[in-house]
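Structure 1 and structure 2 below are the same protein chain in two forms, each given by itself as structure tokens.
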Structure 1
Amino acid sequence: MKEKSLRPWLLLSPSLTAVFLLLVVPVCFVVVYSFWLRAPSGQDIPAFQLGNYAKFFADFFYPSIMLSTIRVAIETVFLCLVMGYIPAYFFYKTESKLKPFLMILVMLPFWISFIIRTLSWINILGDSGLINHVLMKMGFIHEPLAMLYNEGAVIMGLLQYLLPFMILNIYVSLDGIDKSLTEAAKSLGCTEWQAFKEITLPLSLPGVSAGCLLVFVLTCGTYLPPMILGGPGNEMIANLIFKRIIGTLDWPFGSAISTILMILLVIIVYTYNRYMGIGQIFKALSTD
């Protein structure tokens, strides 16, 4: 009996060791640094003071960037879901021989560096980009449409990066659904739509939930799309962290912003998990 209770820990130990050493301990360093001071020369002075946190909340600047980051993240999650569910459902339903090939295609964008992929939107959306070029040639417009360097472009870049995550997460959970369930429902007189609404959709929610969480969290931590595709004022919180830590070498303040972001994300993820999260769903599924 004793052996059995040890076994999960044995299975977990490599992962836990790695995550503990490379994540938990380093993050503690960040938290400790957030109480330190920065000397004008760039040296860090050990201290215990809350000045960095006070600075964050001193006016509306940092909190407002934080809020707008969360707003962009929610918009991205929503659009990812709208764009991703139907293709995932297509993969689940299709009997095409090309299915595995189409699945690999979803991952294909990752083979081209993220920076390059993001930069190449400029060739499509820019003033002299493909869309404006075609529209102007066809005489629909005379002045190029300004599609780049605004929040829409940032979200576009984010979607392009995050959509594969959403599609694959939903697909994995759709794939686990026994197709005979929907067949049975249909034989009992349900329409295709009803069968989807009553059976497939609820059973696919774990994947939807995991996908949404993943997209949300990844959006909050990214800085390259706003940097490359955003205009003035589209920066997100990770850009500011990047600037404080890398640009001005202000590690204490950068650490404080990071700590606040991490606390916020942990609260969001925890609440989310509690009510509609992965843990909850796994539990429900694995107890039967």
Structure 2
Amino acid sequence: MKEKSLRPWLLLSPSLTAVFLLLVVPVCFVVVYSFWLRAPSGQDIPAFQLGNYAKFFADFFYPSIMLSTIRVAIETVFLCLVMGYIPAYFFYKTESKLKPFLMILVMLPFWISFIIRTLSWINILGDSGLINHVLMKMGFIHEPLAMLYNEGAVIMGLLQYLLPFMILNIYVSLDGIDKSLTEAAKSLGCTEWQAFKEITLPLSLPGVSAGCLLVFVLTCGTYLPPMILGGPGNEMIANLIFKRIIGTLDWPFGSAISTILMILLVIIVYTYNRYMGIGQIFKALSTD
């Protein structure tokens, strides 16, 4: 009996070991580093003190970047949801033979380096980029529009990166809905819109919720679009961490900022789970 109870853990041990070594241990190192002391000479001194956290909250500059990051993440989630539900619903409804090809197009960005995809926006939105070149040739404008190095360009880069995640999550949820339910609703007098509003939309909410949570967390942790496409006032918290750790080699303060971000995301995910039921999301997705 005891052997049977241990067998699942033995089978899971390789995966659990990998998760522990590649995720738990590095996170623990970051948390420990956040309490170390940065000496004037630049040396990191092992210690247990809260000076790095006090430094973060002492100057509103750092919390303001955190708040800006959350705002941009919410805007990105909203835009991804609006832009992602339509193609996901189309994939669910269409019977076209081109459906597999169209699905491949959605996943195509994953085959290209994230850095290359982000840099490509410079050739599209720049002063001498495609959009400005076409508009000037057609006579609509006489000087280039400033479309780069602002928050709009950052959100554009984030949308390119995160929209496929939203589309795929929603599509997986929609694909698990029995189409006969909507057909039965329409046979009872419902219009197409009523059937969508009363049946399809509620049943697709697990995928919507999972996509929103995933997009939000990934937005808070990304730094390439703000670094490449943003201006001096468009920094996000991940850029601040990057500059502190890579730029100034201030590992203790960079680790403290990382820990604060991690705690904030844990609180958000816990609250989401408390009121939205993330367990139900994964249960719904696993039954599709």
Partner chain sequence: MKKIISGWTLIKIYTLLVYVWMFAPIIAVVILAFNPHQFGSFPMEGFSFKWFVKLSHNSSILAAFKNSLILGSLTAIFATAIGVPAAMAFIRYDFKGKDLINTLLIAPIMIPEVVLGVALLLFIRWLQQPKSFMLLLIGHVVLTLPYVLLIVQARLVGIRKEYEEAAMSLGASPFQTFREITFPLLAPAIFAGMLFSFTISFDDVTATLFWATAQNQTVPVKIFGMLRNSISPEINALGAVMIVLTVSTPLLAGFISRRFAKGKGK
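Residue numbering: sequential along structure 1, first residue numbered 1. Treat the numbers as computed from the prediction; the structure is a model and nothing was measured. Basically, rigid core = biggest C-alpha set you can superpose within 1.5 Å across the two forms.
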Structure that is the form predicted alone (1 or 2): 2
Core fit, then A39 C-alpha moves 2 Å or more between structures 1 and 2: yes
Residue shift check between structures 1 and 2, rigid core fit, V266 Cα at least 2 Å: no
Shift in Å of the L10 Cα between structures 1 and 2 [rigid core superposition]: 5.6
